[in-house]
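So this first bit is one chain, no partners, the form predicted on its own, shown in structure tokens.
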């Protein structure tokens, strides 16, 4: 993923320069970032071959910065820009619909220097008077501030989970037992700190953690807990406990708080006392469990509850009554039902996507390039689809992976689809998606989507709420009506596994499942690396209590085709 990391930093430089009012340079950094982002070859190969300046937009100055990033993992120029730019103004820039140009305008004309100042000006109605803003923008700014505050200090799971696993692998040889805990173990969509629990020699474990290559600073080191700050400002804590208390501590530090409160109350009602050291008989104070989580739950008369369910959403009663779901796993996934090739805005060829699917043992994949309405993503026309079909047939001859000829068709403002029905009827699978007109009121947006469902042409409704975590709010809609319409028309609702989307979220996905709707998990991959996102979608599905029968891409190929054909014939 080095291409994306470098591109993201170049985009960041462009934004900071634009925020400072620098001319021309931001455009150069943006251009280089876009070209690096779209490379099919790993950037490291350009570096190894001394070919960085072969990339369009990469001159000597940007080349030097890329080399510094690759060789050191840091960039002094970026640090300097941050030092020169007021932090509060950077926060303002990150409010959805503002960006660097509008942040600069707000600073120059209204003296806005931070989020609090932005909120104050918006609440007084001063922002709407500025040219290029208006009442609606003012309202969206206030909502955007709330959204930013909700995720402040938190990180997307795809940034945290690989880092936590790398840390555990680094420390594992020095510990007897070691596990992640906290919100990361529950697969929450955003995560504050990395929490790790271990048993073994405390000094040896702490020394190993401090030596982890990504540690920038040791914040605190005690007898049982050490806290460090990692590159990127992420905090990681490791606690060392006695082996006989490991299960109790793992349960306690995994949470959630609400789950733990309910569980401790059940322990009291059952004649026990539960804390991070173990489960104790309330009268004799004798420890009756603690070494494993399973023993704690079992002693209290319930099945072990998977961490993803520990949110006090009915899991304790279900565990007591023996009706916990048999949750879907990544091993159950038979194929990926949303991905893009270089026919539209993907970085890899269809054949490269298929080969990666082979490596993952998939039975099938759906190639779902964008339709013509999404011109920014090089959407395909009917003629393009005919040409692409020739390539599909060619690739099919050299693989056992079943390739579904698919499309992600744009749902237009009036609910019609941006391709003719006879074209869509020829596709193996059709995803419908909203990519524009997000500002509609809930009633109009809901009617738009229901109208699209009523065409009978949509198999899967992709990223149903349009949200991007920390970047864009969900558009307004009536989810109850959308789910009901999906059930009526046999449309599967997607859990988009892209970590910035995770859409549907777990609460909406569970509601859909309980109403009888089917779910599809798609990575929305725009490159072979993105196929890794499947695990994040499965994490959402598990938090939503989904079993294999609820998720259509756990079906074998024949079962999937039966679902698709039955939906069309129904």
Ligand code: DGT
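Being a predicted model, the structure only gives us computed values, none of them experimental. Residue numbers count along the first chain shown, from 1.
In what follows, reference is made to the form predicted together with the named molecule, a form of this protein that is not presented.
Among 192, 96, 247, 325, the residue placing a heavy atom within 4.5 Å of the named molecule in the predicted complex is 192. Interface residue among 272, 343, 252, 362, judged by heavy atoms within 4.5 Å of the named molecule in the predicted complex: 252. Heavy atoms within 4.5 Å of the named molecule in the predicted complex are found in exactly one of 105 to 113, 182 to 190, 367 to 375, 211 to 219, that being 182 to 190. Not displayed here, the named molecule is kept clear of residue 165 by more than 4.5 Å at the level of heavy atoms in the predicted complex. When contacts are judged by a 4.5 Å heavy atom cut-off, residue 260 counts as touching the named molecule in the predicted complex. Although the partner is absent here, residue 256 is a contact residue: one of its heavy atoms lies within 4.5 angstroms of the named molecule in the predicted complex. Remark: residue 355 does not count among the residues lining the named molecule in the predicted complex, judged by a heavy atom distance of 4.5 Å or less. Contact annotation for 154 to 181: a single residue, 154, has a non-hydrogen atom within 4.5 angstroms of the named molecule in the predicted complex.
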